[in-house]
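Listed next as structure tokens is one chain, alone, in the form predicted alone.
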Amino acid sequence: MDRNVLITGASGNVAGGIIPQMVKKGVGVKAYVRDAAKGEKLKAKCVKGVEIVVGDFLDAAKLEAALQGMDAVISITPPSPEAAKQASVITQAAVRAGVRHIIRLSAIGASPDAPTDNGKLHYQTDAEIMESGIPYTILRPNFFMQNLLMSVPTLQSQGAMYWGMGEGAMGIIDVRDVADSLASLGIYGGHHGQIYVQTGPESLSFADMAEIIGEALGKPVKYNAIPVEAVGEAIRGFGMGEWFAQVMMDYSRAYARGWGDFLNGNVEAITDKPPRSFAQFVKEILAPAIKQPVLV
């Protein structure tokens, strides 16, 4: 396949599911990473068809050089207060390099009045992309199933998980379906001018999820709803800083009131296959992680 694509944030979990699919289809992939060591690990996994480019998100010259000759860029930036600034450098570099398609991983509810700063920053990026003159496709996925991997320690030790989202249900989505969607867009293009909010096949509360996890493990699992303030304390305790703490508290409030309680067919619209169920995610990813020996 005579097609070349640059992926930013290429050492992250989402990109890790995109790159092998694109390489398998013969797409020439450039992986833009900030950490040279992570770049080498990535290259070791995908020996053929991947060119590693090490550079900072704010290095406009490096990004523009990397984007020369690219048919598309898959624009992924990590959540941070600097995310919109970083993404803007990618977008403007793509304009100058003559890239023909921007594929953007955004966030659920991205808008000027989003309930979180993360959503507001993503909206700034989305708006800039839409005004860039380059054909675009934007994905705004719901809550990731893989976020539950943060609960593995308490699921192992207590058979319980603690979240601040009350009884709110959400159309939770497997990261692998988001990666499949981005890979399909990178390989085949199309879907220009589209913004896809993406969900999994069912809307579940954390109590529902606990029941499904328990069935997979063969023992009861409890969901303990905690105050939003406790969510912030936990995030600070992980050393993730005040910005992340506030974002997670704001997301918790939004999801608790049913903000993510909806479903659609936008995964299948891109990939031509239905999204993975939560039970499938538990069987293939979460339960094996929980069953791993606990390191003392």
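No experiment lies behind these values; they were computed from the predicted model shown. All residue numbers are counted from 1 along the displayed sequence.
Although it is not shown, the form predicted together with a small molecule is what the next lines describe.
P115, D208 and S252 all contacting the small molecule in the model of the complex, non-hydrogen atom within 4.5 Å: Answer is no for this spot.
Candidate stretches 224-232, 23-31, 265-273, 56-64 - the one whose heavy atoms come within 4.5 Å of the small molecule in the model of the complex: Heavy atoms within 4.5 Å of the small molecule in the model of the complex occur in 56-64.
Close approach of Q280 to the small molecule in the model of the complex, 4.5 Å, heavy atom: No, Q280 stays farther than 4.5 Å from the small molecule in the model of the complex.
Partner proximity in the model of the complex: P78 to the small molecule, non-hydrogen atom cutoff 4.5 Å: Yes.
Contact of T199 with the small molecule in the model of the complex (heavy atom, 4.5 Å): The answer is no: T199 has no heavy atom within 4.5 Å of the small molecule.
Residue contact check: P141 to the small molecule in the model of the complex, 4.5 Å heavy atom: Within the cut-off, so yes.
Listed residue that, although the small molecule is not shown, lies within 4.5 Å of it in the model of the complex (heavy atoms), from S184, S151, S203, Q86: Selected residue: Q86.
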